[in-house]
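Just the one chain here, laid out as structure tokens, in the form predicted on its own.
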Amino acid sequence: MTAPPPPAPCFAVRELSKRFGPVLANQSISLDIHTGRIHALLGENGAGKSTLMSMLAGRARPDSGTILHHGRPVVFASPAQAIALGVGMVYQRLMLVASFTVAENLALHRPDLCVRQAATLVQTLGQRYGLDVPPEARVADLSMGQRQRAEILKLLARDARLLILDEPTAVLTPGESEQLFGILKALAAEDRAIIVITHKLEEVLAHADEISVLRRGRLVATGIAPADVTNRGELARLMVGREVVLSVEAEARAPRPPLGEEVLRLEQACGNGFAGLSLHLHRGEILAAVGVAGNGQERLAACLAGLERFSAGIVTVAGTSMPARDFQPPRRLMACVPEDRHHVGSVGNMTITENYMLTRDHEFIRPAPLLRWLGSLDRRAATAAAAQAIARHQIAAPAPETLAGSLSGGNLQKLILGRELDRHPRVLVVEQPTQGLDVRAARAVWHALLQARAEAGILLVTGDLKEALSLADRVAVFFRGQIMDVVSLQHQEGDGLHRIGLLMAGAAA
């Protein structure tokens, strides 16, 4: 008997190309997408993955080529037209109105529902798929993980048949990631098609049904079965065109600097989402703060960055103590790299030079000759400093005048991290530093953080437990706004990942 022909794809793209000025983002790409399957799309930052999927989701128009729906050509002039045919996408930069509640955001995309009906639907779908989000919660008050769940619920509320998720597990713990892929498999079993853009090769090999790889705007491989991949290095080579060191452990083998003076201490600190936190941080160490999204670690980072206020407690920075409610981060001593690199850490329509100056403007003020209190901005010095930073931190950008919004995620993160490191702070607070980055960009960030320990104490807020276990000296585990325990990794015996996972779930130390 001859084997039956493969089923026809529900969606397909044929010879799709897209150019942004001189940059050819996608070149003659042809791809088939089938229902009942999870299709992983791999590639470095800037390889063209998001552009390709944005065309399929109606957010971008192709310059040439065809999109097919069950074999028939379709043209999407807007995301609304795409969702009408069942295509929905969850972007890395989430499309939610921050001042609205979850229910109000859903009602925007389901005008046939009032807010009360939308709230009921949020609860129903959340319980059905394990994506519980409070419908009455304002989006601005949600963690990044909760916001992502709200985006997925928006698609399910429109009964999307093709769900495209851009780095969906970037803000999730390993347990949450497993849960999400369980949900995606259940959705695929309902005759939906799933496309996942990701850099996490382990989850691709564990959960995808097929793999496609983009490199520099071209499709270099498609239809790869995970069972046929003998190791992650094969996929990494396809992504970057050469051998890549994949593990953070390779970076962490460098000798650790000696422990220096205490640079940060919190005593019974309280704020929105946490209470009674006490911890200390020394120069020469990395203290990781881990926990399921929404358990207080993000709020603590926001308070230390000056974006939110402490309500009680004592904060001591480099030996100077103050009531926590009066705390403002001292610019010359503290630096922060926020989780949201696009909206908080940078301004997309400003140049690299202007972004480099955002937290360093005082360094480029030239005093006026007659009035000492009146100064002017030395733009030449600022541009020269930005050019040196581009070279020093290996940021792929043609010139300091390049708009920050045109940089890939990895290069934007290098700019933000490099800007803060170049200030030589005593305390560095870093949130989700490798979220959404490819393996090469992530390795550059790891290296920079390990090098920075010599001058600073680093508080690392991360949802990647392997990253925390490999980089940190100690791990503070957050649960419901409190620190369950601070685990010293140098003296940890047995399965540290398992123990910390239990603490994140609320188990006693």
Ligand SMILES: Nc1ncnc2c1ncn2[C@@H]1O[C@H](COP(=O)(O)OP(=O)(O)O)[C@@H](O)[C@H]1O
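Note that residue numbering follows the sequence shown and begins at 1. The model shown is predicted, which means the values in this text are computed figures rather than measured ones.
Here the subject shifts to the form predicted in complex with the named molecule, a form of this protein not shown in this document.
- What is the one choice in Met55, Ala441, Ala47, Leu471 with a heavy atom within 4.5 Å of the named molecule in the predicted complex? Looking at Met55, Ala441, Ala47, Leu471 one by one, just Ala47 meets the 4.5 Å heavy-atom criterion.
task: Answer with yes or no whether Ala25 is in contact with the named molecule in the predicted complex, where contact means some heavy atom within 4.5 Å.
output: Because a heavy atom of Ala25 falls inside 4.5 Å of the named molecule in the predicted complex, the answer is yes.
* Check whether Gly145 has any heavy atom within 4.5 Å of a heavy atom of the named molecule in the predicted complex, and answer yes or no. => Flag for Gly145 set to no.
Contact label in the predicted complex: Gly345 to the named molecule, heavy atom within 4.5 Å:
Contact check for Gly345: no, nothing within 4.5 Å of the named molecule in the predicted complex.
Taking the shortest heavy atom distance, is Gly436 within 4.5 Å of the named molecule in the predicted complex?
-> Yes, contact at 4.5 Å.
Name the stretch, out of 456 to 464, 442 to 450, 39 to 47, 479 to 487, where some heavy atom lies within 4.5 Å of the named molecule in the predicted complex.
Within 4.5 Å of the partner lies stretch 39 to 47.
Fill in: Note on Lys49-Gln432 C-alpha separation in the predicted complex, which departs from the shown form by 3 angstroms or more
They are closer; the C-alpha distance drops by 3 Å or more in the predicted complex.
key: Distance direction in the predicted complex for the C-alpha atoms of Glu44 and Gln432, relative to the displayed form (3 angstroms or more)   = Closer is correct, given that in the predicted complex the C-alpha spacing of Glu44 to Gln432 is reduced by at least 3 Å.
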